[in-house]
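Shown next as structure tokens: one chain only, the form predicted on its own.
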């Protein structure tokens, strides 16, 4: 990415406003006025062929008539004229177009949007938008937008896909006490997208935390790659997380994969902290922009009230930081700063008698203790204490402790005095919140950020013993015959990637079924093979524990009769004879080809209950064995694999390899496979491996 061109777009030294107006209430008037009101120090060139002057600035008929260079052109004219103006901007040497104008792909005019981007690329320009509010930057004294004012100054920068939301958040920065250096509206993302913005903001000296409001990504894999490399914390709020169209698909995975689950997995792989709602985005942004990550597991809570301490304790467990009692030396120190009836365990309750001195001493002498990885300080307003004095005590204690690599958050519960004290704390670099659970959630965000970066993703090294050509030959045969893929063919592709599939052979006659069963060894499983019957159990097309030749004959004929009754027009290839794998723990592997991120891999507990329990986890493929092993611990049923109630641990190492190989398969064949799953996959005791019992592959429609 050419950062210098984006500098011209996002830190412009000169700005033209194409469509500038002298009429109050029009966007062209508001943008020029906002630039003046924000104290923008570069040249401002209003472009309007009917005016000689606008708001005291000389106006020009066209950008081509402007005497000096132009870094960014803010375009607020009707959509039908924008491409012509882009051509003029290109000839002028403009670096970037901030296209506030709407009427493009958001209303179905993809042709206009494509022409705009094509014109810009011809001249090496970048396009922000169209259909945006504009760009606001405190450090550049630049409000090139129709948002009312520059936001409360701060160390975070926000990129929003929604213009209306950005305007609302702009003014809310003052009431929420969350400061931003930049607010950037990204709109239709015809050119500049979230990955570009993350890459650029990671180099911006005035941005300490990158905050994102995302409705959708256009290049999900690049977003993961760029975000992963960014040293600054990124937090994202993703809207529109209802299950997408794949919910009605034929595979188990399709019905389990909501866009929210896939985005959540992608954020984890990208090292992006997730926000649950708009308030949470503000609260977590404040912490991530002001405090270092929480690198350990031990949170100490100091309070003057038992009730808020209990609320904080509940929140800690809810957000993944269950509290431990402080060690004896920490408790001994805390007891020096509380009455005998106080509690030094954790939360440390200094009681309602606590004043400035007790708060200051307890914070100073515990924050630097090696056991303490983070601190949350709570205060309930009392008649005996001044909240501002408590705030100043906390700040003084933090400064005297000399600790700069651990986070602290604060919550004051009270009235206007407490509000002013919290505002003072935020201004002095300590995140403060009006509720204890919110302060703990902010600490959880700092822990989540540390965890995603501690884990590391590691490189995926493809397995060398796979036979992609054999797999593609099976796909080619199925496509040539214009039908769905059968289980036996799907297992052939799995086998080509080294997956341990149960031996399965097609029988087309009753006698052949008897012969194959004897060859495989009793007992066997028998299943209908038809590209038109994907859910075999529903059709009465499966028989298990078939023990002898007579049972094989009976099962063969019953399966065929059931299948014909279930779907008379079905193309029946025969009956599969399969080895009957011994019973053990059942899991599922699955995949969907997500429109944003491409091939994604799913893991969960298997069998017939997977769609009921929905205990699954996703990743963007491919995943190496370390990442696959992490997936095994993500599900609620993870203890089953670890061994519970006297059961021995399952072979998680073998399962992680199978999951990793499967992820390579769906990545290599990503141009062909829409969805797939292996359910069940049977996992045996440690050292005894894994067996793929059933397999399904649904090809893309071409």
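Numbering follows the first chain given and starts at 1. For clarity, every value in this text was computed on a predicted model and none was experimentally measured.
This next part talks about the form predicted together with a small molecule, which is not shown.
Next on the checklist: Just checking whether residue 47 would be counted as a contact of the small molecule in the predicted bound form - the rule being heavy atoms within 4.5 angstroms.
Outcome noted: It does: once the small molecule is placed as it appears in the predicted bound form, residue 47 has a heavy atom within 4.5 Å of it.
Item to check | the small molecule contact at residue 51 in the predicted bound form, heavy atom, 4.5 Å | outcome: Although the small molecule is absent here, residue 51 would touch it in the predicted bound form, with heavy atoms inside 4.5 Å.
Checklist entry - Applying a 4.5 Å heavy atom distance criterion, does residue 100 contact the small molecule in the predicted bound form? => result Result yes; residue 100 sits at the interface with the small molecule in the predicted bound form.
Next on the checklist: So, residue 19 and the small molecule: in the predicted bound form, are they within 4.5 Å at any heavy atom pair?
Outcome noted: Judged by the heavy-atom cut-off of 4.5 Å, residue 19 is in contact with the small molecule in the predicted bound form.
Checklist entry - Which pick from 234, 85, 308, 363 sits with a heavy atom within 4.5 Å of the small molecule in the predicted bound form? => result Only one listed residue qualifies here, and that residue is 85.
Next on the checklist: Please identify the residue among 353, 544, 164, 473 with any heavy atom within 4.5 Å of the small molecule in the predicted bound form.
Outcome noted: Contact residue from the list: 164.
Checklist entry - Which among 570-578, 207-215, 129-137, 479-487 is in contact with the small molecule in the predicted bound form, heavy atoms within 4.5 angstroms? => result Only one stretch qualifies here: 129-137.
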